[in-house]
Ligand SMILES: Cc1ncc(COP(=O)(O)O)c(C=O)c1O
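Form predicted on its own, single chain, as structure tokens, below.
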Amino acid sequence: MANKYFKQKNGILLAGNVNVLTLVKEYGTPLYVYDLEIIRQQYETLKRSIPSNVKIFYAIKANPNLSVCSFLCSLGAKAEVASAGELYIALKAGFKGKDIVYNGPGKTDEDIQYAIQSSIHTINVESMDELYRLDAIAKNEHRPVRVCIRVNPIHTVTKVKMQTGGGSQKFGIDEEKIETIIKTALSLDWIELLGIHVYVGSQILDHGVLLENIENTLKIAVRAAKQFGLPIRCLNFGGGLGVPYNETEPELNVEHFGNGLTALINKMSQEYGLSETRFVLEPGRFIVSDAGIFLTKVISVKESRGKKYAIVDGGINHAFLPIRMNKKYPTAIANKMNQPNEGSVVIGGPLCTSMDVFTNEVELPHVEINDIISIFNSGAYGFSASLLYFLSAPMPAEVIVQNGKHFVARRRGRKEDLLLNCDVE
């Protein structure tokens, strides 16, 4: 199974109009390849569909490659970060502090200090003790800090693969307790309360589910604002926009999502003044997932008790989520795109652990040594979510392609890198 965004010519997969065998010859394998034009298409499709007062804050966790982030910054995106490291990358990529929001339930004092010093737009507060620490650090820095309260809603949204809201969660403040934290925030000298943040989960393909969550978020924010007589200056809807990983999953209808979002904001604006509100959307996977492929070379072919195995040079240390977390990532042989499937194959990585195999068999053409396996939908949570130091294998390279041109965005790792920060003679 291939990906609709990538073409083939004479049976060879193309990425950004570049023959992937050319990339493999120049940069080796395992290899991540990101097509910037697909990223542009996804970003502009979303931007076109949503209201102009809803701003896209790219979730850097999806793909923190500096070249990818810089490109999105050049398109006009803003940034969502969830660590000091991601904040550092965002600033290096060209995002201004005023265009960055900071999430995460475990921010250290050092993280908070760095965020305040960077003059970021908002920090989303996840607990009462974090609020007090924010106030103390802001006082020490002599800089007021702008915050939104992250709310864990009572209302639980269904059809969410990775749930981060509803029920008992490590994320945010339970909805029934937000009155106390809002009162506290308003009483603190160095806290500037802007609004509410709600994020219920990831990989949502049903626009109706997304809109259901957003409607609930609007209601929570308006109830709190009415109770305290506050303007809502920032309302963060989180992310969660998904992409299909197999032919049975539907694509997210972005146009319907945008129309529904417009209608919800207009409806709620009649009940409470939202003309000065900055609305935030935090997509990551939706923007970059389809733009990436992971290329890995077959180094051995074998059979074991009725099953055929293709052993490749890239494993869970390089592509953990494609191999272990999603059983149906679209997969193809990049140099046999025009050949019919021959049968089922188990793709196994090179690591000395039984975990390092695809969970399911995949249908592929006849597999031979030196074939190049391509795993699509690898632009999000590929490199960054992998076990990069597991079994001391060097890191894969990352390459950018765009309209026939290509360059290294992260060099291939070396054995020597594995001793980084170690005291050795």
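Start at 1 and count along the sequence shown; that's the residue number. This one's a predicted model, so the numbers in the text were calculated from it and none came from an experiment.
The same protein also has a form predicted together with the ligand, omitted here; what follows describes it.
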{"property": "Selected contact from F376, Y381, F358, Y43, since only one has a non-hydrogen atom within 4.5 angstroms of the ligand in the model of the complex", "result": "Y381"}
{"property": "Contacting member of G284, G172, G195, G314, with respect to the ligand in the model of the complex [4.5 Å, heavy atom]", "result": "G284"}
{"property": "Candidate spot Y32, G292 and H406, all three touching the ligand in the model of the complex (heavy atom, 4.5 Å)", "result": "no"}
{"property": "Heavy atom of K47 within 4.5 Å of the ligand in the model of the complex", "result": "no"}
{"property": "Contact of S202 with the ligand in the model of the complex (heavy atom, 4.5 Å)", "result": "yes"}
{"property": "Contact test in the model of the complex: A185 vs the ligand, heavy atoms, 4.5 Å", "result": "no"}
{"property": "H318 within 4.5 Å of the ligand in the model of the complex, heavy atoms", "result": "no"}
{"property": "Partner-facing stretch of 367 to 375, 58 to 66, 387 to 395, 34 to 42, counted where any non-hydrogen atom is within 4.5 angstroms of the ligand in the model of the complex", "result": "58 to 66"}
{"property": "Residues within stretch 226 to 262 having a non-hydrogen atom within 4.5 Å of the ligand in the model of the complex", "result": "G239, G240, L241"}
